[in-house]
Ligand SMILES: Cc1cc2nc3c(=O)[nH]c(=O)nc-3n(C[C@H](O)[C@H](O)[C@H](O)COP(=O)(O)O)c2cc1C
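Presented as structure tokens, the chain that follows is alone, the form predicted on its own.
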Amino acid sequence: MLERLLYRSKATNTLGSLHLFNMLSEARAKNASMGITGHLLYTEEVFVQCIEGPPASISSLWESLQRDDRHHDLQLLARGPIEARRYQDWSMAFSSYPSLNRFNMPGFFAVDKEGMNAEAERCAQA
């Protein structure tokens, strides 16, 4: 059984390329160890994240995210069972402005002027 969770939050501070690179590296390692895949969108100091994996892992990560001081005003947008993963190739795909990809992060998908792309749209689909 798999579950998907979608949330939105506000960054506590403006994040630059190096901070995002380090945060993603940590998240990818943690997610891989928990069997979690997903996508993180960061635009205008707002995070929208879609995570998917075993229900126990999703619950554990959600509890951890609620204690994470790098963001606040967490809003749970959706949570429920799924039949298949949308991000099976990524422990954490990442979308943001091209200027924030100075380190050529694998799994980076640039957003357009409106702050969206196909990866972010796929995350938001019901």
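The structure displayed is predicted, hence computed values, not measured ones. A residue's number is simply how far along the shown sequence it sits, counting from 1.
Heads up, the form predicted together with the ligand isn't pictured, but that's what we're talking about next.
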property: Joint contact, 96, 116 and 122 to the ligand in the model of the complex, by non-hydrogen atom at 4.5 Å; result: no
property: Interface membership of residue 101, the ligand in the model of the complex, 4.5 Å heavy atom rule; result: no
property: Residue contact check: residue 85 to the ligand in the model of the complex, 4.5 Å heavy atom; result: no
property: Proximity of residue 27 to the ligand in the model of the complex, heavy atoms at 4.5 Å; result: yes
property: Contact flag, residue 47 vs the ligand in the model of the complex, heavy atom cut 4.5 Å; result: yes
property: Partner contacts for 1-29, taking the ligand in the model of the complex and a 4.5 Å heavy atom cut-off; result: 7, 23, 27
